[in-house]
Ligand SMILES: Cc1ncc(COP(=O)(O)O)c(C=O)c1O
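Just the one chain here, the form predicted alone, laid out as structure tokens.
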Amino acid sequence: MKFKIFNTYPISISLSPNTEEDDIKLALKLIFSPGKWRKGGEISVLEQEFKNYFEAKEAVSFNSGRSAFLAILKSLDLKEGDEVLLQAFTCNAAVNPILYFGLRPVFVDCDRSFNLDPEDLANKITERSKVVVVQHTFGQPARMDEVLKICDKNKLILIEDCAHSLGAEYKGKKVGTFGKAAFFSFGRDKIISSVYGGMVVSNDPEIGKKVRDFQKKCSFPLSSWILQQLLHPVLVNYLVLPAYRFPSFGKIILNTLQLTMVLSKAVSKEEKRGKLTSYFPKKFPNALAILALNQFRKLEKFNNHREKIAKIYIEELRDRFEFQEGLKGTKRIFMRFPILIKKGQDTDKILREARKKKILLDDGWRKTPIVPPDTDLEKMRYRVGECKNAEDIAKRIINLPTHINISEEDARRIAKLLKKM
């Protein structure tokens, strides 16, 4: 059942979308149970459930996908200046861990699935190339057969970025089980959410041990940081989103809560400039593990709902917009439903018009090949023009929400608005 406080509750793609009433009540309860915030048994329970789900040798939790990626990179014993190849049209959270260790990010262009293009990958390999990171963008698996052949031929280590794709499959095999290791995110708008959180999954015993050792050396986040995350689903659902009935007022409320450090931002100012903040890497606190467990046990329900909403968008919009290309033999998880508008059209204008109708579609995944849009591309070591398909996608993309709080009626309302424009 959709959780709304008011009938005019706005439609939102981000903030804290994938929360149901039980998730919000659980966060509220945990706020008043500080003894459960840091250490606790739910951390190992969540890790074990991930191991079982992926039939993996090791699953190690962290306070974010960034921290999980840092742990993997540390386990590989890379040298400063070694190259890590990853796709453009990605988040700066996937680039900063590479920069943190003095490694060189090499950006690979996208294909029409919005994933890494194997042909461009092959062209960008040098003698310094050591690692390939494959991102399964918005839950659409990448062309893994081709990527694996390239990695085998060039003796490259394959890491999977599964921040968008928990539950997706490629030819009957779960994404996250193809490479040496994979990392997942439980961010506020991911497949499952604990506001912040991440996991490493690996079937490589040596990498698994090193990642576990890395985790042991990490400290828990500060209690004030844990409280910020517990407050997030409560305040966003009870205060921020209702305030967005008047969009300017809602934005003021959200900005005020973030500026006063009551709520955290998804991406910090430092990260947009190529620096990691002091709260990465850290252990995964028990309170957030409790939230993640509650969501993980609803994974099938969530992903079935996303597929149902995606089918409505396909039915309503197939003659009007270009879609992210689906690949045969894949089970796609629709974390978002991206559409591409025609060249020359203005995504800002469309989003402003939608906002007037209390439909908030700006999730930050647009405008530039490394998001959010105000990320400093030079600090990311990205050169404008080097990944033209990724840049084209970023200029033309609008993401549509598929999360559990989007009803069929909402999806048809969004489609109707887009068709008018």
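Since the model is a prediction, treat every value here as computed from it, not as a measurement. All residue numbers refer to positions in the sequence shown, first residue = 1.
Unshown form predicted in complex with this ligand; subsequent notes refer to it.
- Heavy atoms within 4.5 Å of this ligand in the model of the complex belong, among the stretches 104 to 112, 200 to 208, 77 to 85, 157 to 165, to residues of 157 to 165.
- The three marked residues, Ile13, Phe334 and Ser407, fail to reach this ligand in the model of the complex, with no heavy atom of any inside 4.5 Å.
- Proximity of Ala93 to this ligand in the model of the complex: non-hydrogen atoms within 4.5 Å are present.
- Proximity of Gln324 to this ligand in the model of the complex: non-hydrogen atoms within 4.5 Å are absent; the residue sits far from the partner.
- Residue contact check for Ser185: one or more of its heavy atoms lie within 4.5 Å of this ligand in the model of the complex.
- Contact check for Ser64: a heavy atom falls within 4.5 Å of this ligand in the model of the complex.
- Only one of the listed residues (Lys174, Lys283, Arg143, Lys190) places a non-hydrogen atom within 4.5 angstroms of this ligand in the model of the complex, and that residue is Lys190.
- Residue in contact with this ligand in the model of the complex (any heavy atom within 4.5 Å), chosen from Thr330, Ser264, Ser129, Gln135: Gln135.
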